[in-house]
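Read the single chain below, which is given as structure tokens and is the form predicted on its own.
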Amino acid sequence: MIGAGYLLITALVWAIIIGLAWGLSKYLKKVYENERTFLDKILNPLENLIYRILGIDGDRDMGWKEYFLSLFAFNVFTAAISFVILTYQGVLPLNPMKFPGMSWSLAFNTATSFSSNTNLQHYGGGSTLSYLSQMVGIQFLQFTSAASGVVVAVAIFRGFAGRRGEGRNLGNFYTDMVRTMTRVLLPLTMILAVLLIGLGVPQSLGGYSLVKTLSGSFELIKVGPISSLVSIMQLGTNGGGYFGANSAYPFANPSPLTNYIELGGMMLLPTAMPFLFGRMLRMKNEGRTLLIASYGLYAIDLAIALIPVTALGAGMETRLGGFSTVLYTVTTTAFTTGSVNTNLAAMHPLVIMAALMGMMIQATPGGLGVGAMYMLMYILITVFIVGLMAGRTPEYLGAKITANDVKLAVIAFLAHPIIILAPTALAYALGAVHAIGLGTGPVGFTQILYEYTSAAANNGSDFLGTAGNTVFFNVSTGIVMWAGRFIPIFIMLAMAGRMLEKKRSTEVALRTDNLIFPAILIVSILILAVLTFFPFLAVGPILMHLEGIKNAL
């Protein structure tokens, strides 16, 4: 049985974040519907200057195809810039430690990783990258990839809302991107960065220091622009820390207080997305449906993960405590952030299974923007199934859901397991698993399954770390990360384009704004996830757990 103290802490964290997210969603609605905000006098001239320099007509609406192509081209461009910086960092400035450039395969993996909001790290963090690479090759992409997720969600929300605004399309990608960067991400990350600096997270460009310890030995103290990177890492659901150990490293997460602040940072914007959806629809209860379903799935994952903590007491993590570590692990995978605060190899198999479930479902609540997108995909599938069972024409938000709509939603759903399982099988077939010293048992299989699940879910937490720095894993995970990012976005933008053009009925065939539908939605998602992934979970973390019980007996 889960302790009352654990439940109280979890409820308190949820209540604070949900309250902040509800208030933030009011501001977000003003940003994306071009209403007046308190930042207009400062940012309007700056944004207009950016539009003039780039030759952008910020008032021109885009159809879903143009919106996607603009998004994709922008991300290709930013990834290419990062690839060049990472490859040639040895001859570029801001490299006081004289780190050499990355190999082509590692630079490819890192550029695709951070440009897709995945932040999988096959490199050694502060032992590999110069300050320029950390700030421009990495941190810049953490802003742009996070903003990309937000604008996709906003465009899809506009499509599902129908022709409620002046435009008949999904908005302007470049306008949405600039406003997300200037009015949302930069202000929030500045606030969080200053707060973390005050709590002991370093922020400097002074180079590393060699110090003599009390025992008489010498240790290299790695510092740098850590606080600014941690702030966008969490708020943008990026993961990918300054150090290879991520938030487990004391300089990135020095205390229990910073641990909960960083936990809240990764939850804030994804939690605001369902509220924003309801506000943009002018139907707040529809946003509540998304929130209840996503947090319900999150609660199920957390309950599974806390079973071993309750049974074993404090758990194995000593610095932050078993409960805090498990809560962080489940949250960072449920919100597809990936900024783990412990070594995953030390976690109980049930915790790993809960983490995998969060990444496999991707809507618990999922990453920034994309999690809400996946929840809408699940809603369309569920509405269609319930409509067939009730003998009614499936409808959502007054629009009829046709067979072609469901086909698109199913393709988006099936793309995820294919992207995960095909390269997992290929890694074994080509011997890449054995080349890095992993066996064929449940532990090795779980590590490889987790690697590709993390990549496809754009999560970034993984077992392999620098052991994955081989040409095969660098290239294969790079492809998986971009496929996992842009295939579902392409399909759901197409769906939003279709929804935009549908006629809306005032008669309600199926209520989706009450408290019953979220329960139906949760059951539907779990059935879909179990049917798809259970066999692979059974031979991975579940078998690990059963072997642990057998050995204990």
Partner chain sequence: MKGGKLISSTMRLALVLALICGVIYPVVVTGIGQAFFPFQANGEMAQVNNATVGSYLIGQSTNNSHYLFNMRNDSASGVDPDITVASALAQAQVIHNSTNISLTYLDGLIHNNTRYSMFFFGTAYVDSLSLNIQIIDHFHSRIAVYGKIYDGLNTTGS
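Everything numeric in this text was worked out from a predicted model, so none of it was measured. Positions refer to the first chain, counted from 1.
The form predicted together with the partner chain is left out here; the points below concern that form.
Enquirer: Considering non-hydrogen atoms and a 4.5 Å limit, does the partner chain approach M181 in the model of the complex?
Expert: Yes - in the model of the complex, heavy atoms of M181 and the partner chain come within 4.5 Å of each other.
Enquirer: Would you please decide whether D59 lies within 4.5 angstroms of the partner chain in the model of the complex, comparing each non-hydrogen atom pair?
Expert: D59: no contact with the partner chain in the model of the complex.
Enquirer: Considering only heavy atoms, tell me if P202 and the partner chain come within 4.5 Å of each other in the model of the complex.
Expert: Yes.
Enquirer: Report whether the minimum heavy atom distance between Y249 and the partner chain in the model of the complex is within 4.5 Å.
Expert: Close contact exists here: in the model of the complex, Y249 approaches the partner chain to within 4.5 Å, heavy atoms only.
Enquirer: A303, P349 and I542 - do all three of these have some heavy atom no more than 4.5 Å from the partner chain in the model of the complex?
Expert: No, none of the three is in contact.
Enquirer: Of these, A432, A161, A193, L421, which has a heavy atom no more than 4.5 Å from the partner chain in the model of the complex?
Expert: Looking at the other structure, the residue within range turns out to be A193.
Enquirer: Only one of F275, F157, F173, Y328 has a non-hydrogen atom within 4.5 angstroms of the partner chain in the model of the complex; which is it?
Expert: Spelling it out, the residue with a heavy atom inside the cut-off is F173.
Enquirer: Which of these stretches, 371 to 379, 350 to 358, 421 to 429, 223 to 231, has heavy atoms within 4.5 Å of the partner chain in the model of the complex?
Expert: Checking each option against the 4.5 Å cut-off leaves 223 to 231.
Enquirer: Is any part of 38 to 71 within 4.5 angstroms of the partner chain in the model of the complex by a non-hydrogen atom, and which residues would that be?
Expert: Contacts from 38 to 71: I50, I53, L54, G55, I56, E66, L69, S70.
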